[in-house]
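In the form predicted alone, a lone chain appears below as structure tokens.
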Amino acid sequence: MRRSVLIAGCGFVGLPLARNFVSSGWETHAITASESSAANLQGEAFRVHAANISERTGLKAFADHSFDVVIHCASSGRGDVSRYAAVFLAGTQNLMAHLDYRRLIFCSSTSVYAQTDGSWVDENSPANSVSETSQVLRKTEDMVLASGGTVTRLAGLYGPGRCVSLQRILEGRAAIQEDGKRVVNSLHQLDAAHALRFLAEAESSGLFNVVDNRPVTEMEWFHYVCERLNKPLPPRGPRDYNRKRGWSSKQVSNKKLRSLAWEPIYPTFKDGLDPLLRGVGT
């Protein structure tokens, strides 16, 4: 029988993910938070539903559906801790309570790793971030894992139309924190979608880091991008402790996921950024 998937959140990751499943022959359904967003997606080759997963009654439309896989990749919309609790914790609780499915995949974040010394971390490393938003993610992770589901910790996402540090360079707002040795971990939009479909088809449960193959320092990242754009390096500045998900510096390993034969389309930040940089006027 044709396999079916429901994707909760059809945005930066969810949209290419839905298209990916369609191209692989899955019966694909996607949830958006508003009627207007659903209307904008009516030309897609998958079913689009407007629903609020944070509300107990938001999933009534799926009472007669059964899914092989449900994937929660909705965004908090850069909201605060209350928004995190609504979208991630309450949203996941509602998906688990009100849907008929075989497997659940929840998208979390590598921000739950609070290490600040640039050390390598993997799925067995402590994930004890003190930020309130990351604590919501951890609570949701534990709930999903306890039910036998899959948790993916996605690194910093970028892709067409979304690259925060690049945008700051172009707007003259970028700053290199201290000596530039803070380590950052990246994940291209299409690799996030690729990994989620891979795990759905591999039927692998448990915890997986989803990140490219090569963490880099801020200084290396800015040197490469500024040289490509023929722009000066940004000025030095203090650590940004106001980051919603906390300040950290660590090298996140993807060895566990790659051991299943997954490989990123864009193995390094240079591979992923090059198409974006070619489209930027100098």
Ligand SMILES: NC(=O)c1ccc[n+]([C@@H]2O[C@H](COP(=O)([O-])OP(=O)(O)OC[C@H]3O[C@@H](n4cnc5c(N)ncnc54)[C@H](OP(=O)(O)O)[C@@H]3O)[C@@H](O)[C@H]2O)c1
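Numbers for residues come from their place in the sequence shown, where the first is 1. Treat the numbers as computed from the prediction; the structure is a model and nothing was measured.
Not pictured, yet referred to below: the form predicted in complex with the ligand.
Interface residue remark: S75 is counted as part of the site for the ligand in the model of the complex, having a heavy atom within 4.5 Å.
For the chain shown alone, S34 is a contact residue for the ligand in the model of the complex, at least one non-hydrogen atom being within 4.5 angstroms.
Though the partner is left out of this view, T217 does not reach within 4.5 Å of the ligand in the model of the complex, counting heavy atoms only.
Mapping the unseen interface onto this chain, R83 counts among the residues with a heavy atom inside 4.5 Å of the ligand in the model of the complex. Just one of V144, C163, L154, A174 comes within 4.5 Å of the ligand in the model of the complex, counting any heavy atom, and that one is L154. The listed set L257, I53, V69, V225 contains one residue whose heavy atoms approach the ligand in the model of the complex to within 4.5 Å, identified as I53. Highlighted residues G118, G246 and Q251: none comes within 4.5 Å of the ligand in the model of the complex, counting any heavy atom. This chain is displayed without the ligand, yet in the model of the complex the stretch 103-111 from 176-184, 198-206, 103-111, 125-133 comes within 4.5 Å of it by heavy atoms. Within 4.5 angstroms of the ligand in the model of the complex, the stretch 1-34 places a non-hydrogen atom from each of G9, C10, G11, F12, V13, G14, I31, T32, A33, S34, taken in sequence order.
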